[in-house]
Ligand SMILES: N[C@@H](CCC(=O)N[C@@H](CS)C(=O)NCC(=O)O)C(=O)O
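Okay, so here's just one chain, in structure tokens, the form predicted alone.
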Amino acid sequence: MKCYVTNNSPYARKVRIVAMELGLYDEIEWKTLTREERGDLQIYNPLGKVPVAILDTGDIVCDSPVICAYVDSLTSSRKLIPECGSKRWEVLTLEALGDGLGDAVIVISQENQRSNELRSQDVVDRQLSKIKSALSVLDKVASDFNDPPLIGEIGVACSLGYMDFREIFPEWRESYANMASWYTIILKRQSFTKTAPS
């Protein structure tokens, strides 16, 4: 399996962490792309987005939730996505919330890179409202997060990492103490220290 990633994408980081947590990292051929090279991805993913995986069969798998589910299917020794029951939907819903948090952070980051004439404060405010709403929900349930983390917690942590990296809402820890405490702990895991954005 070959997987195309970029250094700082929270979604590519999620796939890399999943592979590390499952002990499969060295079995994947990682192709790290620059911003300029991302356009070449359209031959594999018409959206031109990372991550993209090319399986040994030649089949193409796009989008981090799908790639993570595929990697999770490769081993039976540990599962990051429960196979059935209410726990499965709980974990996948948390992953979706984490990915949505990341989406909002990316929109603000892109908006902040625009010139002052083109930057929309309304867009930033809407996305920041989504971030605060997500963090408020997460803060209430952080004490129930899985340890070791499952795919939901991994997705949330990757989005928080990108939020910190892009300096979006840097004061979030002051208002969401439960999340801040949990995040401090999960960042100590080897899979997170080795994949930190730079």
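Predicted, not measured: the structure shown is a model, and the values here were computed from it. Start at 1 with the first residue shown and count on from there.
The discussion below concerns the form predicted in complex with the named molecule, not included here.
Only one of Lys31, Arg173, Lys49, Lys130 comes within 4.5 Å of the named molecule in the predicted bound form through a heavy atom, and that residue is Lys49. Out of the listed residues Ile81, Leu97, Ile106, Val124, Ile106 is the one that sits within 4.5 Å of the named molecule in the predicted bound form by at least one heavy atom. In short, of 133-141, 152-160, 22-30, 41-49 it is 41-49 that has heavy atoms within 4.5 Å of the named molecule in the predicted bound form. Interface membership of Asp63, defined by any non-hydrogen atom within 4.5 Å of the named molecule in the predicted bound form, is confirmed. Taking the partner from the other structure, the named molecule in the predicted bound form has a heavy atom within 4.5 Å of a heavy atom of Tyr11.
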